[in-house]
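Next comes just one chain, in structure tokens: the form predicted on its own.
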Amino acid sequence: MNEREAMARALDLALRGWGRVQPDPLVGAVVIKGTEPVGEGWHPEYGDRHAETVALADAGEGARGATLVVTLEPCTHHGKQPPCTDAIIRSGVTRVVAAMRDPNPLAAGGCERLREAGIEVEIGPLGDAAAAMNAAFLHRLRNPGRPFVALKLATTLDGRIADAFGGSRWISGDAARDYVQWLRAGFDAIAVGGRTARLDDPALTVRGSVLPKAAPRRVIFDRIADLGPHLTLLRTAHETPTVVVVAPDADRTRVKRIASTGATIVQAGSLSGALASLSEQGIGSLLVEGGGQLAGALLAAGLVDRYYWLQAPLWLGEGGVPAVAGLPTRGLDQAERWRVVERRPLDNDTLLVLDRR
């Protein structure tokens, strides 16, 4: 195993903390001696041991004279855990390879501390992959005024999210739906538009293999406050925190009816204002699952940071409901090209993950 292969393994390990570590970053680590892996670990849960200390404990005496490969610069501060740099220095490791610097000013500076102790340090291998994996964490540090917004849509080959009669269950297959349950676990909140809430009556809960440390809140963007109290999202609002975003001029009687279910009301005159309010309530990452009008409005406003596209191998034709509605027309010279982060099959469906550049 060379250092690049060890970093790829560390990235895979880091994902085992998905849904359990936020607002901490996902971090994995591998200890190699020559070309042999002698220890590995990951940050398993918020407040628990960091990946470096887990990997070093796994390596034991094998860490002496070895190389530590880690997906994020080791921390220097004493938070819920002691500084990782101290553990690394004590271990006898002689070289550290980190995928990226830690942009958190409270934790940064680990590279300098290690170099002062005589340990060789390299930064950069698979850094783009490490940054993509922790996109929400990085966004929280760089743009705390609004949540990291990811749009997830399951569409047909011709870009439809429902048939001409409103049917959307199920466009994607079992593997894609399992993936969505895993995906939900890593976000602070899951959102839909009001029309989708009324037509699909979704639960927007996590029912997959990962039990999130904190259940994601639910957000409904419903400008006109026309949600009926019979909907699952409102009937269960006392059990799962639910936020309904309405326009300032929404009918007061309707707003009171929604609030009586236990849902929190947020009044906002724009999507950017709504996102700012959600951020103030502690929502740092938001997974938007439709519908087409909300997706189009967020994209048009430049408020989507990542797009999870699940494409199913079928066509529904012109009568089907478009996945994205209301986007302004652009010429090729003005169109924004996104960056592909991941592309892979999910049985017969295809997952494509894209980030704004």
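Start at 1 and count along the sequence shown; that's the residue number. Because the structure is predicted, anything quoted here is derived from the model rather than measured.
What comes next is about the form predicted in complex with a small molecule, which is not displayed.
- Scanning 227, 180, 107, 131 against the small molecule in the model of the complex with a 4.5 Å heavy atom cut-off leaves one residue, 107.
- In the model of the complex, at least one heavy atom of residue 27 sits within 4.5 Å of a heavy atom of the small molecule.
- Put simply, residue 75 is close to the small molecule in the model of the complex: some heavy atom of it is within 4.5 Å.
- Looking at residue 51, you'd find a heavy atom of it within 4.5 angstroms of the small molecule in the model of the complex.
- In the model of the complex, the small molecule sits within 4.5 Å of a heavy atom of residue 84.
- The stretch that touches the small molecule in the model of the complex, counting heavy atoms within 4.5 Å, is 75 to 83, out of 207 to 215, 122 to 130, 75 to 83, 274 to 282.
- Judged against the small molecule in the model of the complex with a 4.5 angstroms heavy atom cut-off, the residues 148, 184 and 289 are out of contact without exception.
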